[in-house]
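Listed next as structure tokens is one chain, alone, in the form predicted on its own.
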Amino acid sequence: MASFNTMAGCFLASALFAMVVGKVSNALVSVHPLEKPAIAVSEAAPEAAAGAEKAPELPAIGPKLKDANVDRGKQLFQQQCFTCHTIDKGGVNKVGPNQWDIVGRKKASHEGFSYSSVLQKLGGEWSYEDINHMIFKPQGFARGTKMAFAGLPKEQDRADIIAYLRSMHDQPLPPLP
């Protein structure tokens, strides 16, 4: 029985000590409410997270397309893109959609491919500039896209690939003037 009394006494003494420490600490430290929130919350934050991020500013690809090398573009496509995309007319989709006839094609429109909602919302057709932005930094062009490619930083590499993509069409669009 003495053991129980000792344990109960220790428990009550600890509880009393905690109460005294709490009262003393509240007396020593006074809490002042902040005049303004420590972390600002923007109303625009949910929109930015849900929508596409603005594409980074890139120089126009047109001047580089004039000197683009289609054969080098084909080689780069095979090194960088072929793992996820096919380019044959009527070719199958892989992880990404078939790229035949991509230049001038409506975005998110290749039959049989399940596009991310971000790409579906972009609208319009794939222009030289849109392709340039997409292969420069896919997540920068269409934040939330399924395309898990880091991007091509070299402008001439992008121009060569775009020239190759342009050539993979029954009636290629005219080059930029």
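Heads up: residue numbers just count along the shown sequence, starting at 1. Being a predicted model, the structure only gives us computed values, none of them experimental.
This protein has a second form, the form predicted together with a small molecule, left out of what is shown; the following refers to that one.
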Quiz item: Among 107, 147 and 165, does every residue place a heavy atom within 4.5 Å of the small molecule in the model of the complex?
Solution: yes
*Taking the shortest heavy atom distance, is residue 128 within 4.5 Å of the small molecule in the model of the complex?*
no
If we define contact as a non-hydrogen atom of the residue within 4.5 angstroms of the partner, is residue 91 a contact of the small molecule in the model of the complex? no
Close approach of residue 116 to the small molecule in the model of the complex, 4.5 Å, heavy atom
yes
Is residue 61 one of the residues lying within 4.5 Å of the small molecule in the model of the complex, judged by heavy atom distances? no
